[in-house]
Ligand code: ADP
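Only one chain is given next, in structure tokens, and it is the form predicted on its own.
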């Protein structure tokens, strides 16, 4: 089976990115053919500084490599290195009704916040569907908050196939077991909220962030509800089941302060990500090798995209008159 997913580089990758996507991508490389891209076209909706965007793309790539994504097992590439994806985006736009895009979560979020979305935000689901459909993906590993995009891609594949003929493959989401990862303020961890814990932050800076996680004012001696505690939710992601069971009991019994739980969270963070800092530094010092990985990944991905687009063009009638 072919697994396809992308990550949007708009800032330093964080625990939400890791547990929501990266961890699943790395695990799947042992089971499926993987196509993973850095979504720099998508980033243009908010990042409009050329040098910054290039750095963000490079940083995202070396984060993946440092965490164990193996370019010998998967195709890792820049979205923009497969230009056929934008051609498919236009063709999907020609068979997709405006009503579908009106329901887009990102677009609606902008409206709810009183922001004026650009057309990139509005058409975001079209490009995302093209990303998925152009590689004939079987599964798309995503978090629960991304399921709508897969459903839209399924709808658009159906629109195309019904309008012309069956060409595009219907993908299926593959959900991980991780719920939405909370940020420092208890909201969903997101760069746009400024509440993230970065994967490769400086140890003392990360510890300072963790110790500042918002908690309630329950006294040390009183029982606490782990189900409503951001610190406990993050502990569950990093600790072993046995340790988490112990923490849950301590929460419910009382006699434990949040500072103690935060201290352990900082230790678990460092145990998980600290050893990867050196690997990341080594990749950062080899930009030519990183570029070679992206070029090789794009070559593999584009070969598939060109085959799909040949079928799409043939179905639409977009081909030379003497092409048969």
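Positions refer to the first chain, counted from 1. This is a predicted model, so every value here is computed, not measured.
The same protein also has a form predicted in complex with the named molecule, omitted here; what follows describes it.
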**Request:** Indicate whether residue 302 is a 4.5 Å heavy atom neighbour of the named molecule in the predicted complex.
**Result:** no
**Prompt:** Does at least one non-hydrogen atom of residue 143 fall within 4.5 angstroms of the named molecule in the predicted complex?
**Reply:** yes
**Asked** Is the gap between residue 103 and the named molecule in the predicted complex 4.5 Å or less for some heavy atom pair?
**Response** no
**Request:** Give a yes/no on whether residue 188 approaches the named molecule to within 4.5 Å in the predicted complex, heavy atoms considered.
**Result:** yes
**Request:** Select, from the options 245-253, 144-152, 165-173, 222-230, the stretch whose residues sit within 4.5 angstroms of the named molecule in the predicted complex by heavy atom distance.
**Result:** 144-152
**Prompt:** Of the options 95, 180, 111, 211, which one has a non-hydrogen atom that comes within 4.5 Å of the named molecule in the predicted complex?
**Reply:** 180
**Heavy atom contacts to the named molecule in the predicted complex at 4.5 Å, residues of 6-37 in sequence order** = 7, 8, 10, 14, 16, 17, 20, 21
